[in-house]
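Below you will find one chain, with nothing else, as structure tokens; this is the form predicted on its own, and questions on how it binds or moves follow later.
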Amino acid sequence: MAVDKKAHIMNHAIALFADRGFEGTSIRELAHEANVNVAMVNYYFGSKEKLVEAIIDEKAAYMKDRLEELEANERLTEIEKIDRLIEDYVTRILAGASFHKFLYKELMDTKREDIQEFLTNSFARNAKSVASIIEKGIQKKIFKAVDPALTVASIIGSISHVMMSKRYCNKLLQKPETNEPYTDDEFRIRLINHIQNMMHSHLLAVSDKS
């Protein structure tokens, strides 16, 4: 099977950025880790900044497409859409723990305001789409009159909290340090169920709770 060189470089970049941060990673080091030459990295991306933008774009685009698909699905109720989004979001974040770590590094790094701006704009668009689903549920009186934007923040925050570090997550779960929570399917299902149950209690009017 042919290797997608562009995706290959991006995957190695995510791992390096997560470990060393943007400033601590050079294009030369990335080329070495990805076993490609510097010219190939520059050919695909042009600069380290453009490489980061391509990574963020690719990740945000997946959820954008998924959101558009769910919003257009008239067979699903609003709470079913939220349930599916939670399942997708948790599964994708756990599978890409390095990318999530990289996001935190960039959001905390005030020196890279250009990347922060691109990052926040990309993901804010998706958050707005989720809020739109919640607003429709409120209009239909399926959902309580909650704050849609902060409800989205609660969903994202619940998973972000356990993604702070593997060591912290294991402490929270009272598991040994050798435990690998982010690749544990039992933990993934537990987290999905927890956030879904929390959102059902938060969103659904009493008459609509199952």
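All residue numbers are counted from 1 along the displayed sequence. It should be emphasised that the depicted structure is a prediction, and the values quoted were computed from it without experimental measurement. Definition used throughout: the rigid core is the maximal C-alpha set that superposes within 1.5 Å between two forms.
Keep in mind that the form predicted in complex with the DNA is missing from the display, and what follows is about it.
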message = Check for me: heavy atom within 4.5 Å of the DNA in the predicted complex, for each of 165, 172 and 190, yes or no.
response = no
key: Partner-contacting position among 70, 36, 55, 155 - heavy atom within 4.5 Å of the DNA in the predicted complex   = 36
request  = Consider the chain as shown here, without its partner, and state which of 47, 179, 160, 183 has a heavy atom within 4.5 Å of the DNA in the predicted complex.
outcome  = 47
message = Residue-level contact is defined here as any heavy atom of the residue lying within 4.5 Å of the DNA in the predicted complex; does residue 5 satisfy this criterion?
response = yes
ask   = With the partner left out of view, is residue 32 within 4.5 angstroms of the DNA in the predicted complex by any non-hydrogen atom?
value = no
message = When the contact criterion is heavy atoms within 4.5 Å, does residue 25 count as touching the DNA in the predicted complex?
response = yes
task = State yes or no: in the predicted complex, is some non-hydrogen atom of residue 40 no more than 4.5 angstroms from a non-hydrogen atom of the DNA?
result = yes
task = Take the rigid core as the frame of reference and indicate whether the C-alpha of residue 9 shifts by 2 Å or more between the shown form and the other one.
result = yes
ask   = Hey, does residue 183 budge by 2 Å or more at the Cα between the shown form and the other one once the core is superposed?
value = no
Core-aligned C-alpha movement of residue 36 between the shown form and the other one, 2 Å or more = yes
Direction of C-alpha distance change in the predicted complex, residue 29 to residue 165 (at least 3 Å) = closer
